[in-house]
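Single chain ahead, by itself, as structure tokens, in the form predicted on its own.
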Amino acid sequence: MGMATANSGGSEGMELCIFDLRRGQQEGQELDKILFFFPADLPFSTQLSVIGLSEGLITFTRIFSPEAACELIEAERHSHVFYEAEPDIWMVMVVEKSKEAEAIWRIDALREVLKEIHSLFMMFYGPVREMLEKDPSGGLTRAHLYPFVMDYLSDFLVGKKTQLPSFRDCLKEFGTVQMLTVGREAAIEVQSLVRVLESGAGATHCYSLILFQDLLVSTTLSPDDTINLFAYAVQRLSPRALSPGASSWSYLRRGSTPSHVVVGPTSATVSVSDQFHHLPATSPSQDNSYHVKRPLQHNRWSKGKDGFLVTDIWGTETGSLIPSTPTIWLQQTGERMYLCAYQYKSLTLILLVPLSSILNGEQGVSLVKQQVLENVRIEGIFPMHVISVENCLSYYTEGLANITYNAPASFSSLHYFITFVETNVTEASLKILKVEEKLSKGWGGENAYHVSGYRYLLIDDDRNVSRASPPAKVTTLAKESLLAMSKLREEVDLEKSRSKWDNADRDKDLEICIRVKNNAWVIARTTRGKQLYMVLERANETLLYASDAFEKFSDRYCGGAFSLD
């Protein structure tokens, strides 16, 4: 099959489709199986050709492997990456092979892109199959999938091109979270804050997730739900995401600065990505008969006066101008939850409250927010940083403790003023301030996890956690080193794929060391659900040197998990 070429909004060597094998089985109804196709302006005959080939490959490979059908097909000019998101709901990405080094992909990284699209879609809308059952025509599903996937792909826009994960991203791992390392004292304060937040909501099954900068501090969610909400928070809710034009050191932030221009209400939003990808007027995303929320749009969140993040993406409550509180689905429990996000400096707190526990809509959500922070009395009286005696003295001496702040008209003494503040400042507010202060003091900055002389990626599969050298440090590596590491990771992926059906080999240790022409070592070692990848440039040519350097890193930063002793 030849890769079809789109018009000016071309595919740039990539096609992505989502289809349902249970639909369109009758002659003349083949179009029914197409739920999404990119580029959207390709002729239907071309779209059916791509999906028809994919369907044929899936059917053929199921003969030999009923439990796990096709995952990858390598053709002469293209790679076909398959992912069965739900039973008979398939996602296929077709990427064009090129002699250019920049077009060298790691297949598992491309598959992770497909997985994340589906996981985030489910978090906001629920399973695709349930949506198809709700509207058998498929119109509802297509109306949601088209803008959602296009908004997602806009994160990969670099200039005017869609840049998929390539060999330059070999020291990154999608589908994982990046955690902040905290000391014992700070960890105790975080745990205390979590208890206050969740108990303050008054609901029996609320959950929380806390981030500092773009790093995870705490979560009470399941691993899958944590990954989904963390990915969304880093992309849209973190302080950097809320600052237009701000660059990010986090390697989860993809592409360049979001190139979006918001015009009018949500339904009339126009973005550069829409124009670039040329969604046609007949696209399902333009069907006005469905009210489609677009949670992945850029620049639609802002910080309210009370510190909570607000957005108009979910519309407004009937008969009110107050924006509706966002809602998401939890994958583990299947519950629908209100998403309440609070931000103070570099600290982002996300509280999920079950819809079933809120009886009167937005009014009930507002009450929950007040209960969480218990700031009914303090709100509007003093800024949140007025908690210390020193700050109280400053405000008192500057004459700010007056009717302007809704405080008592006069204070007979400084002691009475301090007592008033201490009585009204809430427990949650105090803990938020204390946690942010402790985390800020212990934070080493953008290069906190840089290790001199090493470029590395550490993955804990059991916890779905990864840590890596800062992106700015990875960019200093030579292209030859990155290409060698990308190929090395492909070898490890292949070995893991071969052994994943054999339980006896799951804990099999693996070590690969390669000497690259530019006098660099690329090393991979896997053991007991953990993986460590490392690049050593300008290193001694002996294998003993590389092995010793690896052992030192393992002993000092990984607790000896990868040591051979």
Partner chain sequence: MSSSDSNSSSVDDPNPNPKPLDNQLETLNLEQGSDSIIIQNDDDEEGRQQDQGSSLNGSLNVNSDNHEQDDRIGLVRNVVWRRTNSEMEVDVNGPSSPSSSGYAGERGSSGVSEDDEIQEVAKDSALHGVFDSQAAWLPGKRHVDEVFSVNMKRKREKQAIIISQSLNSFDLVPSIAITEDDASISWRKRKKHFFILSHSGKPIYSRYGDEHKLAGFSATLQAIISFVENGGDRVKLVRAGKHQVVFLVKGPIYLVCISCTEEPYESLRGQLELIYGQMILILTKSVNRCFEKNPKFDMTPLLGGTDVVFSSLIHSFSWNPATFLHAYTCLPLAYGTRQAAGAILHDVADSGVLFAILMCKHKVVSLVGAQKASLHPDDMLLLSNFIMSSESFRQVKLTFIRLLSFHSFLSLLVPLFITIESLLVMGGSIALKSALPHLSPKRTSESFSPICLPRYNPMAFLYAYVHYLDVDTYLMLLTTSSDAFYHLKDCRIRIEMVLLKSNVLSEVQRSMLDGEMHVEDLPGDPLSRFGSASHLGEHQEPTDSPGRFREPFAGIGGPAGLWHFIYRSIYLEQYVSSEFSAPINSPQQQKRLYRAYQKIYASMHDNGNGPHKTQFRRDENYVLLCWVTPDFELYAAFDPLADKGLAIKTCNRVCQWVKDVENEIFLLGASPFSW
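Positions refer to the first chain, counted from 1. These numbers come from a predicted model, not from an experiment.
Although not depicted, the form predicted in complex with its partner chain is the subject of the following passage.
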| item | value |
| --- | --- |
| Candidate site 189, 454 and 466: all three near its partner chain in the predicted bound form by heavy atom within 4.5 Å | no |
| Listed range touching its partner chain, judged in the predicted bound form by heavy atoms within 4.5 Å, from 70-78, 122-130, 291-299, 140-148 | 70-78 |
| Selected contact from 117, 484, 439, 153, since only one has a non-hydrogen atom within 4.5 angstroms of its partner chain in the predicted bound form | 484 |
| is_contact(residue 513, its partner chain) in the predicted bound form, heavy atom dist at most 4.5 Å | yes |
| Heavy atom of residue 538 within 4.5 Å of its partner chain in the predicted bound form | no |
| Non-hydrogen atom contact residue 65 with its partner chain in the predicted bound form at 4.5 angstroms | yes |
| Its partner chain contact in the predicted bound form: residue 491, any heavy atom under 4.5 Å | yes |
| Neighbours of its partner chain in the predicted bound form among 516-530 [non-hydrogen atom within 4.5 angstroms] | 516, 517, 519, 521 |
